[in-house]
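Same protein, same chain, two forms; see structure 1 and structure 2 below, as structure tokens.
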Structure 1
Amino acid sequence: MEYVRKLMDRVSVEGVKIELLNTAYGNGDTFFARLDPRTLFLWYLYFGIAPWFIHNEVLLLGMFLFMVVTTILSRVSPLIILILCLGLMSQVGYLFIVSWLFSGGGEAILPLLKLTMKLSVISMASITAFCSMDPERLSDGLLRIGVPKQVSFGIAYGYRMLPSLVEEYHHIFLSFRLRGVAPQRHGMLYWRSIVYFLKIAVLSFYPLILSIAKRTRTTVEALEAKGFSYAYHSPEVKRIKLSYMRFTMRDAVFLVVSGLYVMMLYVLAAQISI
């Protein structure tokens, strides 16, 4: 019962908000967090795209094991891992059911496993790269590689606002429950209660959208009052803002080790066939 109680505490709205904050700001002392954001972008450029074009099982398995190690070292939140596992299982389960309905049979299992491995590698690479950068470093890294200023600021702003939006959505949902009337009878398999809560969940988005629009307008006015647009278009301000970013020996070693590991996998894949 103690484990169940801890699990329920983690899946509460407050627990979700804390996990999001830990994901955004709580990994600052890991090895990946000390790397330059451009190094992580370059590393992700391969492991986030290459698996789509790789069909060798040995190579995919080696990349999968490497991603498991990097995910553990980046100390990703258990909530993110749980969402990843549920997403992969639902995706593969859905495809297997569709294949079975269209007479796919057991021969569809191997391609589905290969697809799952590709999705796992790409997902864990994304988690490792982007959970290791706080919103400020992510925004600066995007700005440094030439992403438009509005895009880099928008990503950082959304990253910062997400926990607040989750809490506000929860408050709106509770206010609907206080003012509404719950079904007197649950119905078979609680279908009346399920429909009631689903309706409230959808209706809660409308006040949230209006609140986001109002909050965004207030933020824009406050930023413009401080000269935000002028600062973002000034090359001198950009140079000072990004002056802390530089490649170090740690970045070079990380990229070299990753490259050597991938080369070793290609050699093994050429000698071993499954």
Structure 2
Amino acid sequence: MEYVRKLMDRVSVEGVKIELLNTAYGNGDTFFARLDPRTLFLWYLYFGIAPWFIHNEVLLLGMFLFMVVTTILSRVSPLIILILCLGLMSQVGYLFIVSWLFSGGGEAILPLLKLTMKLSVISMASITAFCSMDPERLSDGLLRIGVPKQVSFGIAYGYRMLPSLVEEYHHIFLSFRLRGVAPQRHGMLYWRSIVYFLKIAVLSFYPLILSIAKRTRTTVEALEAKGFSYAYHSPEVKRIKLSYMRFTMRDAVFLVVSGLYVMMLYVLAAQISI
């Protein structure tokens, strides 16, 4: 349990906030961050869907290597990579153990390995595409391809409000702890403390719901004062807002290189058969 306490010390609210802002705004100068959002969407559309329907090892391995390169280029934070690896390993490893219990044996390794490879290609593609865009570009890009305005508004709002919401929740949580009585003994496996904290975590939402409701009303009134609903219906506003987006040589080079690479893989996969 010493380990848990150390972990909890490290995962402080401040640390989480800083890490979040880093993820959002930390990598604005990478190659991918300067591409047009639409290019990245198009690119993701292939690498996010195609791997599901590919069963060729050479092809998958080639894509995997390509994705590793793009993920390194997009300079995402190590925390995200760690979460990704943990998720992949726990899901597939667990599946392997259970299939072993069903007398699966060694035959299950290869298909599961392939599944892992597919999943990692897809998730690395999405990390490359979505973590390297800062929120404004992402929301504008989504708006440009016809996603409802609420979504793009939600992204902008989320990034703006989240730090203060987390802080408010943290304050309420601390005041519950201050006024409440913590359990005398931790109990077996700390269960008393865990139950106590979870209960506070749930109860803290009651004041938070009311205060966010008030805050929401203020937000919407401010939006209406600026003519949000009117702008929402007007295509002219959208056109002006998005007029800065254009494809450049960079986008073309990126798409062509990716396309050539994939084509080369296909040819290679046709040559080598395992």
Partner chain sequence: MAQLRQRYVLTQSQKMMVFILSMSLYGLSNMITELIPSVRLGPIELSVEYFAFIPLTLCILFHPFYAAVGAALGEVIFGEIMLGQFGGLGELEKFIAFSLAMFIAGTLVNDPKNRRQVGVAAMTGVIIHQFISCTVDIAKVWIGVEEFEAVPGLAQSVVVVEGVAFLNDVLFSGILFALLPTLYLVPRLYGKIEPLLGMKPRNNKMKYSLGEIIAPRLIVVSIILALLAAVAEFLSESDMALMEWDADYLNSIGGWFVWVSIGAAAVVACLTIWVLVRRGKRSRTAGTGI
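Only a predicted model underlies this, so the values are computations on that prediction, with no experimental measurement involved. Numbers follow structure 1, counted from its first residue as 1. Take the two forms, superpose them, and find the largest set of C-alpha atoms that agree within 1.5 Å; that set is the rigid core.
Engineer: Between the two chains shown, which is the form predicted in complex with the partner chain?
Structural biologist: Only structure 2 matches the form predicted in complex with the partner chain.
Engineer: Spell out whether the Cα of residue 172 moves at least 2 Å between the two structures when the two forms are superposed on their rigid core.
Structural biologist: Yes.
Engineer: Superposing on the rigid core, is the CA of residue 72 displaced by 2 Å or more between the two structures?
Structural biologist: Shift at residue 72: below 2 Å after core fit.
Engineer: Just checking, between the two structures and with the core aligned, does residue 193 shift 2 Å or more at the CA?
Structural biologist: Yes; residue 193 is a residue whose C-alpha shifts (by 2 Å or more) between the two structures when the cores are overlaid.
Engineer: Rigid-core fit: what Cα movement does residue 181 have between the two structures, in Å to one decimal?
Structural biologist: Between its two positions, the C-alpha of residue 181 lies 5.2 Å apart after core fitting.
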